[in-house]
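Listed next as structure tokens is one chain, alone, in the form predicted on its own.
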């Protein structure tokens, strides 16, 4: 069942740049969705429409069946939380605690509920012990986790993230995605924008390929083994898929996209 539906969405910036050109896709409820495409495809502009920061100029965005408009944009923003690529664009308060309590406090919630949400969110990302720290004393990965906590404290149904693995070391990337996977197991819908096809192949339930402000395709991770489609999206095949193509084999061979799938294929030989 679609939680978010985007239909024929078009958007032009004030300088005349057309970012979206009739974009159509849907976000299934409770899934892990990866949106991929080249630079300038409109991916970040699309994310800003999912939670009502931008409103449709042409076409429509619906959340849980309801059209997103000026009348309900604030409510939608509380349901669809967004984590920006650079946490310095999002984490700006004097302390971590002030930063995470900012959103729920501005929702007009009672102080005890604000405190409960902030403590729960910081615990979920492993940052509760840093609650009195100034954000500028934190590492990049720690700030990323605080940014996620700030969104979590709003109790959203969807969390969208723009390049969540950018500039993270392997351990930091592992930590962030462990948090996202845990949230998804609890029912949160997760949407990420990424250039990393290997990450998308390993992590996502659903793939959306975007180019020139349009949706090229939507479906399972098997889309990432379609050479013509991946080339059209100006991406590359997953590393494991490229390796198996180089090794050769019958045209009907199912190409693995992940290490786990490769092991399964090789174990049958």
Ligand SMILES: Nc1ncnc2c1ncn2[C@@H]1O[C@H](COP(=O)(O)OP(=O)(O)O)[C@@H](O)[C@H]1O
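Numbering follows the first chain given and starts at 1. Owing to the predicted nature of the structure, the values given are computational and were not obtained by experimental measurement.
Form predicted in complex with the named molecule: not shown, discussed below.
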Residue contact check: residue 45 to the named molecule in the model of the complex, 4.5 Å heavy atom: yes
Partner proximity in the model of the complex: residue 208 to the named molecule, non-hydrogen atom cutoff 4.5 Å: no
Touches the named molecule in the model of the complex: residue 39 (any heavy atom, 4.5 Å): yes
Residue 255: touches the named molecule in the model of the complex, heavy atom cutoff 4.5 angstroms: no
Heavy atom contact within 4.5 Å of the named molecule in the model of the complex, the stretch among 62 to 70, 199 to 207, 228 to 236, 31 to 39: 31 to 39
Partner contacts for 1 to 29, taking the named molecule in the model of the complex and a 4.5 Å heavy atom cut-off: 13, 15, 17, 19
